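Let's start with one chain on its own, the form predicted on its own, as structure tokens.
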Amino acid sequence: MTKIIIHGGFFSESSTNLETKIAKQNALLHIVKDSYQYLQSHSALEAVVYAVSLLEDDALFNAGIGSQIQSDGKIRMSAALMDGVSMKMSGVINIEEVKNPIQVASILMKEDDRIIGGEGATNYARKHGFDVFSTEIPQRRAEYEAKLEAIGTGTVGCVAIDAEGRIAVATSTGGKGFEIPGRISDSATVAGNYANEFCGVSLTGVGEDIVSGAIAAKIVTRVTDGMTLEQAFDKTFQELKPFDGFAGAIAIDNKGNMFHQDSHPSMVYASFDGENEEVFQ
């Protein structure tokens, strides 16, 4: 019953830039299939790290390479990982000059202090062999210098269930762009990244809205309490409407059901179960 679903944030250019839209679709489909093959011989926890690392390595997405630049001209990234079996979550917040923040989060799984931020996160990465690496690309620098503030909804994520029914989730973000230094996104919190033995959920969108809605934790809790994935999504997204919350989510439950929903189209995603593929159109 191995299945995997990934997201690449929201795609505001979908109606105006066909070339970029097609490139993102192709990238997502390639990554989800590659990660599915990896999942065949690895655990769900290992597979979500693998998938999110591939997303971080692709400059089409706002995580790792291609991350947004903050208001002081620096790039700070966040990422988190959660194992639905052990119920352990690890993460880095506002880490700098690391190619793959999700891999640092993965190493933190063995620590007692599993979520660290800022300079401490960067120093931890250096001590564990992560060399200084600039994730800046010319497009982001041009946007920053021209003060072209983007919509701020870029994040990548993955949820997987392996052959033994274990669920894991990983999420990574390059931030919303031009934010106040020190701003905390949802990605390394239980609002944006959560899993247990019943369900795993990864979020993208406006971090402040996602945290306000406690979305990932709510969906997982509701599935744990007996709701279907669709029911849990519907109730949780209904609760975003009073403040027009901007969010998108992907999920897999322990029955192998996959689901995705967004409050403001269009979240880019792809899923694969070995036979059937689905990709954002």
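Owing to the predicted nature of the structure, the values given are computational and were not obtained by experimental measurement. All residue numbers refer to positions in the sequence shown, first residue = 1.
Another form exists, predicted in complex with a small molecule; not displayed. Remarks below refer to it.
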Subject >> in the model of the complex, the residue from I107, V85, V206, V190 that sits within 4.5 Å of the small molecule by heavy atoms >> reply: V206
Original post:
Within 4.5 Å of the small molecule in the model of the complex, heavy atoms considered, which of R183, R166, R114, R140?
Top reply: R183
**OP:** With heavy atoms only and a cut-off of 4.5 Å, decide whether S202 touches the small molecule in the model of the complex.
**Re:** no
Original post:
Hey, in the model of the complex, is I210 touching the small molecule, heavy atoms inside 4.5 Å?
Top reply: yes
Original post:
Which of 167-175, 85-93, 125-133, 99-107 has heavy atoms within 4.5 Å of the small molecule in the model of the complex?
Top reply: 167-175
